[in-house]
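In the form predicted alone, a lone chain appears below as structure tokens.
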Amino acid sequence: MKKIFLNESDIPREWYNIVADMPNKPLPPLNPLTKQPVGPEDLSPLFPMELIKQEVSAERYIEIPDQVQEIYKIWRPSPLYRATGLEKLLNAPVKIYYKYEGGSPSGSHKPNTAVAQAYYNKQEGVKKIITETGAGQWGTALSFACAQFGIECDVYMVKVSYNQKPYRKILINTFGAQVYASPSNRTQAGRNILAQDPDSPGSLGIAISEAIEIAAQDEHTKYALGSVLNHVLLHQTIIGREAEKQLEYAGDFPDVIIAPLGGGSNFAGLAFPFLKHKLEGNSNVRCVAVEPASCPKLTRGKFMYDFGDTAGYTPLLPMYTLGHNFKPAATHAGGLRYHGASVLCSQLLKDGLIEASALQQLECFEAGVLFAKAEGIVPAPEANHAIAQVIREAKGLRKKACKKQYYLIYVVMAL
């Protein structure tokens, strides 16, 4: 393990918006009733206006507010490691770096957008934010962020994860938020699901429906999403922009970027700043999004307009999707079990600018164990998918006796 440091002065002052450089701009979200593009008035009951502006922006760089920057300094800049232990075990022509986001208050990359979203909500006088969470990392991140700005927070957590991961619930409560197992009896959407299936393990689509239903009923309450939407992916690009600087110090540039994809925020956060070089014609970097074989929207889904939630409360989004009624298997990689992919990632995949891979759970867990032995970090189930993919690729290079390739992957701690 070799660590590459950054100073606080190296923390990026702007987020990168890939929309500015995309050859084909993303299609607009549609009002499900009129089938016309949604406007700010359609989104304002759920989001503060500044986030709505970021959602539709084509500006290349967007400034990070000073107050957000100061909170970022609690855990940023995050370290970049060279995985020398893993390289030795693989004995392949590879150089592997990993960006480690496990040192944040929630143990993942999620506070990068949670703090920004809480800040913009506070600026507009919002009293409470309601959200959903899959494995619990987003709910933890938003509860932390709301505590920084004195905002109430309610979290609807996918029931299978709520039961499997009680420590996440405790952490959310510690930061001052309330957390409910979804589907619940607190909303009409939840009651409808329970009437059909009293033992429903839940899904992110169901939890989103519950959170939106509650938020839409109170003018002082807004909704926050931890992935999928453009502004969420925008905030996460601080990861890749830091990694750019760290690799510059190391004198390297990756041939391949690999990150897991549930809705798209961790993949986009790491990959988009490097993909910019490819879009400008200065690099041929491969960017590989890895998903679970149990929820394969990128590799087996259909590119179409679909709802972002199960009950159909959201606008229609143009994305690769398995259908908003898709019921994921109750696997442990809860943060990746979302039926659709972000609009931006979907368009980039459709245009052949990124790649996708779907892996089985057992292979991913075995990869995580190998990584833990080699690097001393027990990675989260989601991050195991990226590790498994780089191991696959390394073994392929070893068999072919290929020229050495440089890899960059995303890792968080298994909290």
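All of these numbers come straight from a predicted model, not from anything done at the bench. Don't overthink the numbering: it's just position in the shown sequence, from 1.
Keep in mind that the form predicted together with another copy of the chain is not shown, yet the notes after this line are about it.
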*Given that the partner is absent here, does Q178 sit within 4.5 Å of another copy of the chain in the predicted complex, heavy atoms only?*
no
*asked:* in the predicted complex, is there a heavy atom of another copy of the chain that lies within 4.5 Å of any heavy atom of I74, even though the partner is absent here?
replied: yes
*asked:* Residue-level question: is Q148 within 4.5 Å of another copy of the chain in the predicted complex, judged on heavy atoms?
replied: yes
_L275, heavy atom within 4.5 angstroms of another copy of the chain in the predicted complex_ = no
*Looking at K373, R60, K53, K350, which is the one with a non-hydrogen atom within 4.5 Å of another copy of the chain in the predicted complex?*
K373
_Selected contact from I208, L171, I193, L86, since only one has a non-hydrogen atom within 4.5 angstroms of another copy of the chain in the predicted complex_ = L171
*Tell me the stretch among 228-236, 299-307, 140-148, 113-121 that has any heavy atom within 4.5 angstroms of another copy of the chain in the predicted complex.*
140-148
*Decide yes or no: are Y97, Y249 and P381 jointly within 4.5 Å of another copy of the chain in the predicted complex, with each residue judged by its heavy atoms?*
no
